[in-house]
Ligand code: FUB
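Below you will find one chain, with nothing else, as C-alpha cells; this is the form predicted on its own, and questions on how it binds or moves follow later.
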C-alpha cells in the first residue's frame, strides 16, 4: 500500500500527464529552471527544478524536480515529480540544478541539495530503472560535500553537476561555482576514480556542461553575473581547452541562464531558462529551448532566444 505522501505524488503525476504544445517558454502552468536533458529511445527527457517562490520571496524555493518528455520537440508530456529533496535522507532543502545519464540500463541523476549535517551545498546521486522514475538514493550519502573542496570559502561552490560518459566508457562529473572542478567516476557511477581536479577557464561562474561532436569536446559554462553562456573546445574530455566565445547572451530580469545541450533526431538543441512568463523574475524562472547550429569549422553559432522555439522534429514512430 502506498504511504500518504507517495500516493499524493502519484496522483499529482497523473494530473500532469496531459500533453502540452509549447513555444517558449516550454511550460506555462508552473515556473521551471535549471534544465537537464537526456535522449533515450527516440524521446527527449527534460528534468527541471520547480521554482515555487512567491513574488515577494527573496530567495530560491525549490523542493522537487519535474520530468517532461517529447518525441518531436514541440509536444511535451508531463511525468510529474519522480524525486525531491526527501529522496536523499541526508538532505534538508534546495532541489537545485541536476544532470542525468544512462548506464547499463539504469538512469543516474546527480542533484544539488543542502546537506543536513555538513554545512553547505552537496551533490547526491539517485538511480532508477526508468527515465521517469521513481528514483532512489544510489549511495545513502552525498557523493560530494562542501568540505571536500577548499578552493573557495563559499558554501555553494559544489553545485551544478554535469555528467559525461566518453566513447571509451570513462565517465566524468564536472561541477562548481567560481571554480570549475571534475572527477573521474568508477563504472558503478557512484564513486570517484582518482582525485578531484580543477579546470581553469575564463570568468567561470557556474553551470558547466560537457558534450562531444565527432572528435571535438565542448565544455560550456555560465560566465559573469548576470550570466551568459560561453564555451571552449578540446581534444579530450579533460582538455586542454581553447576558448571559443559566446553561445547565448544574458537574460533580462534574471541573473542566471543554466543550460544543457543534446542531439536529437539529426539536430542539436540547447535548453536554458529565462524569466519570460508573466510574473517571471529572479526566483520564478522558465525553461526554454532553441536549435543549436555548428559552423563548418566546428564552432558553435551564436543562439538567439526566441518565442517560437525550434520547429517540430518528430522521431521515427513518434506518437506524441
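Residue numbers count along the first chain shown, from 1. Please read all numbers here as calculations on a predicted model, not as lab measurements.
Below: the form predicted together with ligand FUB, not depicted.
Trainee: Heavy atoms within 4.5 Å of ligand FUB in the model of the complex: which stretch in 102-110, 128-136, 157-165, 239-247 meets that?
Mentor: So the stretch in question is 157-165.
Trainee: Within 4.5 Å of ligand FUB in the model of the complex, heavy atoms considered, which of 44, 275, 62, 288?
Mentor: Going through each option in turn, the one that passes is 62.
Trainee: Which one, 76, 96, 209, 231, lies within 4.5 Å of ligand FUB in the model of the complex by heavy atoms?
Mentor: Here the answer is residue option 96.
Trainee: If you check in the model of the complex, is residue 251 within 4.5 Å of ligand FUB, heavy atoms only?
Mentor: Looking in the model of the complex, residue contacts with ligand FUB do not include residue 251, since no heavy atom lies within 4.5 Å.
Trainee: Applying a 4.5 Å heavy atom distance criterion, does residue 284 contact ligand FUB in the model of the complex?
Mentor: No - in the model of the complex, heavy atoms of residue 284 and ligand FUB never come within 4.5 Å of each other.
Trainee: In the model of the complex, does residue 256 have a heavy atom within 4.5 Å of ligand FUB?
Mentor: Contact with ligand FUB, yes.
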